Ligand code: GN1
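Below you'll find only one chain, the form predicted alone, shown as structure tokens.
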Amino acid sequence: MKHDFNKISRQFRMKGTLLSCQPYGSGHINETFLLKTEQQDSPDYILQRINSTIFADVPGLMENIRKVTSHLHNKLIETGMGNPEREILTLIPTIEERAYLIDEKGNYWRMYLYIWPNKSYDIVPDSNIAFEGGKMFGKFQKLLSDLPGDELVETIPDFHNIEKRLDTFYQILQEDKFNRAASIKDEILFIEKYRSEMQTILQLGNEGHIPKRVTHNDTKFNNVLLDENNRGLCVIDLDTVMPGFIHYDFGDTIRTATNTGAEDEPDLSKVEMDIEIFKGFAGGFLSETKDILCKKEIDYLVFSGRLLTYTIGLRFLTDYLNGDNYFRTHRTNHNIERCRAQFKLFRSQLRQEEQMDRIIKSLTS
């Protein structure tokens, strides 16, 4: 699809004259472009076409991002803790002072100030970089700790709700439209074995033992930008920022960053949890958050890694049963391989649970 970038860019309050526009990044949901300007003293920009199929409530999503980025900017200015234009995403409003643009074709667009130089990591190379990523996600939580979660809308309802995910799984298992249930008996037993325990965080929240916070909900390690010296710089990709529990953010980074294998690794001997990466990330995260978290939240940080690993494994298994119609697959049995890799990682986390508990206690004592 061709877009008139000159026309689109002129409808935002960007400085300078557009010089070039090129695709940017490796994201699969939104279309992202880097806009370069002619003038040396003018910044460059990131322009995105928002996927309104996945995000049905774009106005709600953009209001979440506006509230969060405004809050973060104000906190940095009040506390003198850093440079907002480099350490926080900066939304560029339209000439009508809106957070997003709707073009004549019904496409939704937004613009951010481009943060450069930066780097990011798909695979965490060592515990020092893990620490920096943990510190950035922790700082994100700390600065947002006085923004009530209920002020935001759910951009994807029940995104991490394990109760709903389990209900969906059992319904699709019962239907078994593609006759695949017989081939996953071990995985079904695994789901059943831990089914009750996995609802612990929801129960703690429902009983008021842990608070709902503003959470990122997609804390892959490459959603942290680092500077040229590998120091933490900025948390990006705020589309799933919404109300949630701290364990969703901590747990999903542990799931993704500590895995020694690929998410879809068919050779399960390569899949383990790297305890040194865990230690580094937890150290950075708790250096920023240990004073804002309650005891119950801290007590269940280790558990959260297993919760998020179980949840995504369950989602892969559900999609496999349902004919592979949600996650993009690249080979036969791709989703079941993904599921088995997650369940192997879960078992590795379980074996190292006592060691992880000791690390958390040493960081918070």
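Numbers for residues come from their place in the sequence shown, where the first is 1. Only the largest set of C-alpha atoms that superpose within 1.5 Å between the two forms is called the rigid core. On a predicted model such as this, the values are computed, not experimentally measured, just so you know.
The discussion below concerns the form predicted together with the named molecule, not included here.
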- prompt: Is Arg255 one of the residues lying within 4.5 Å of the named molecule in the predicted bound form, judged by heavy atom distances?
  reply: yes
- prompt: Though only this chain appears here, would Glu263 touch the named molecule in the predicted bound form if you measure heavy atom gaps against 4.5 Å?
  reply: yes
message: Given that the named molecule is not shown alongside this chain, does Gln141 nevertheless sit within 4.5 Å of it in the predicted bound form, heavy atom to heavy atom?
response: no
query: Is Ile50 close enough to the named molecule in the predicted bound form to count, meaning some heavy atom within 4.5 Å?
result: no
- line: The listed residue (Glu132, Asp237, Glu187, Asp274) that reaches within 4.5 Å of the named molecule in the predicted bound form by any heavy atom is Asp237
message: Looking at Ile336, Ile312, Ile298, Val58 here, can you tell me which has any non-hydrogen atom within 4.5 angstroms of the named molecule in the predicted bound form?
response: Ile312
message: Among the candidate stretches 243-251, 97-105, 166-174, 213-221, which one is within 4.5 Å of the named molecule in the predicted bound form when only heavy atoms are counted?
response: 213-221
- prompt: Looking at the named molecule in the predicted bound form, which residues in 305-344 have at least one heavy atom within 4.5 Å of it?
  reply: Ile312, Arg315, Phe316, Tyr326, Phe327
- request: Could you tell me whether the Cα atom of Lys139 shifts by at least 2 Å between this form and the one not shown after core superposition?
  value: no
message: Does His216 move appreciably between this form and the one not shown, meaning a CA displacement of 2 Å or more on the superposed rigid core?
response: no
field: Yes/no, Gly27 Cα shift of 2 Å or more between this form and the one not shown with rigid core fixed
entry: yes
